[in-house]
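Coming up is one lone chain in structure tokens, specifically the form predicted on its own.
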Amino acid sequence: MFQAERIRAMVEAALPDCRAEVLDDANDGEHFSARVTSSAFVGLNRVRQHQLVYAALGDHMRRDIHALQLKTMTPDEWAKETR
């Protein structure tokens, strides 16, 4: 069973200035949602942002994680959302 904390740690280690919040939505270790903020996303479209997160998780996306719902944003977008 994969853990949300492990996903968070992997993503934060791979992306600069990253803050990730990961939930195990079904409490089954396979279906997750994540909100990820990183300066690496600046200037990239959402598809490319998501690809960076998937790359950070590597083969776990094929083997261990059945579903990952992502919301990605730049630090500026995060600041506007949390006001």
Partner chain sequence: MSAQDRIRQTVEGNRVVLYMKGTADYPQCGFSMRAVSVLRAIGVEFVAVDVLADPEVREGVKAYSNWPTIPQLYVDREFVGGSDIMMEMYESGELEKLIAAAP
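Numbering follows the first chain given and starts at 1. None of the values given here were measured: they were computed from a predicted structure.
The form predicted in complex with the partner chain is left out here; the points below concern that form.
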Any chance residue 50 has a heavy atom within 4.5 Å of the partner chain in the predicted complex?
yes
Given that the partner is absent here, does residue 67 sit within 4.5 Å of the partner chain in the predicted complex, heavy atoms only?
yes
Going by a heavy atom distance of 4.5 Å, is residue 61 a contact of the partner chain in the predicted complex?
yes
